[in-house]
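We begin with a single chain expressed as structure tokens, specifically the form predicted alone.
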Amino acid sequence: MKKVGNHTSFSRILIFCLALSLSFSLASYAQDTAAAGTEAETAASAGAGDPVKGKELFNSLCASCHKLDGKSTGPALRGVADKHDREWLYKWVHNSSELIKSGDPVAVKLFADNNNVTMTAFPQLSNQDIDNIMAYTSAPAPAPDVNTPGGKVVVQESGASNNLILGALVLVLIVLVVMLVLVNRTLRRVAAANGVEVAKQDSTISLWQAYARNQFLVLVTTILLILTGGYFLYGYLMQVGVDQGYEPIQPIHFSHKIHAGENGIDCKYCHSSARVSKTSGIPSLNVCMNCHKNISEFTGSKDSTYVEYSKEFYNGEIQKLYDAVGWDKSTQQYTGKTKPVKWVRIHNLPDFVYFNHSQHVSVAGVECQKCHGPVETFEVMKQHAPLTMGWCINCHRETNVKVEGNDYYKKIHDELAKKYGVQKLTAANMGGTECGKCHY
């Protein structure tokens, strides 16, 4: 009997794929082993101190006045253990004022070089604690990120590349097509050898001709097209003036994901007027400088999930803030030269609509995320809600009024609860859907 094809070809392809997968696994294991060895060498180079504990002490005690690689209120501390004697460092950290008064020339010069700012004494720190801090400050500076022209961090993925996987899939598809052609040819040969004739297709009218002859189908299709077109036209017209998803580019990039999310800064710390005013207000740049006077560079890790741009990009945006307020980070002084920042407004209601932030934030206790969405996850701020009249009315119908501890609502709550036969009243029950409440 004549054989058709080679039954061992599939086994060879399977063995090749297994060998390829094994090679990728070994390469990935070698990379992980090398990375683990590097981390072990770094930990061993710390010497007498523990850099992990030193980082905790540095962030809690030193970071308010010092940076590792830049001048702040005090000098940069990276490599400070190599610049001074260890015993001298013990005395300086425990009580720098006493060392300056003793006339120590190094202490006097250091005091003068930093605008005669006295360093806080830390007598509670042991020598081992100081060794831990010195071990942390002795760590080498991280290598600069590899960035794309747009400022994004390039993440190198381990294992098989996407191009290789795509090429393998294309190869599999080609093999399948070839197999189908060969099977079709073989079946035709078998049919010819056995005297079987392949039935030819009868010539019929086209589908479009049959459809055009059926007047009922044409009428139904026309009605459906008119209804569908009216539906989409209505939806389009209803979106006129609705800016949901509006995400403009601001003159200074501000990441809510880093500030409100990672650092947990309360929204009302920056937008303080939301508690007492109709509007939430644009935060003054002086509010920014409360923190960024001592934070002149981005210190987050490029591997963090909340970082979407490179360290250099964030540092450049902080420098834009300094240029706007006239702050010289090298001298730690204001220059008096300021530049106004032209922020782009995102949320904008029509002039005939009345909305009061303090009434919702302070009286009703509505969270900012109720209207503005999960801002702690936004790298770039955008309009989360549609801010339409229907959206506001639905909120008034669903939101219960908090009357606990508020004597103003006690009498009216009792009367309306009796009237509507409910124990919980919504804003709509108390007139929240009346036209005059929101429109002038």
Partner chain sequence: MKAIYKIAFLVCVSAVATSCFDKSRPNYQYFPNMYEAVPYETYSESSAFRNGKEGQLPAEGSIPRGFSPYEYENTEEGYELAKANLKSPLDSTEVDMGKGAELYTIYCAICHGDKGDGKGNLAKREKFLGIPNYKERDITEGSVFHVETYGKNNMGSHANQLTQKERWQVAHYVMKLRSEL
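Model, not experiment: these values are computed from the prediction. Each form is matched to the other, and the largest set of C-alpha atoms that superpose within 1.5 Å is called the rigid core. Residue numbers count along the first chain shown, from 1.
The form predicted in complex with the partner chain exists for this protein as well; it is not shown, and the discussion that follows is about that form.
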- Only one of 371 to 379, 58 to 66, 403 to 411, 389 to 397 gets a heavy atom within 4.5 Å of the partner chain in the predicted complex; which is it? 58 to 66
- Item | in the predicted complex, the residue from Gly167, Pro105, Pro350, Gly230 that sits within 4.5 Å of the partner chain by heavy atoms | Pro350
- Residue within 4.5 Å of the partner chain in the predicted complex by heavy atom, from Ser161, Thr118, Asn184, Asn214, is Thr118
- Taking heavy atoms and a 4.5 Å cut-off, does Tyr269 contact the partner chain in the predicted complex? yes
- Message: Residue-level contact is defined here as any heavy atom of the residue lying within 4.5 Å of the partner chain in the predicted complex; does Arg86 satisfy this criterion?
- Response: no
- Message: If we define contact as a non-hydrogen atom of the residue within 4.5 angstroms of the partner, is Lys337 a contact of the partner chain in the predicted complex?
- Response: no
- Query: How about Gln128: is it within 4.5 Å of the partner chain in the predicted complex, going by heavy atoms?
  - Reply: no
- Note that the partner chain is not shown here; using its position in the predicted complex, name the residues of 74 to 110 with a heavy atom within 4.5 Å of it, in sequence order. none
- Did Tyr246 shift 2 Å or more between this form and the one not shown, C-alpha, core superposed: no
- Query: After the core is matched up, is the C-alpha of Phe122 off by 2 Å or more between this form and the one not shown?
  - Reply: yes
- Message: Once the core is aligned, does Asn59 move its Cα by at least 2 Å between this form and the one not shown?
- Response: yes
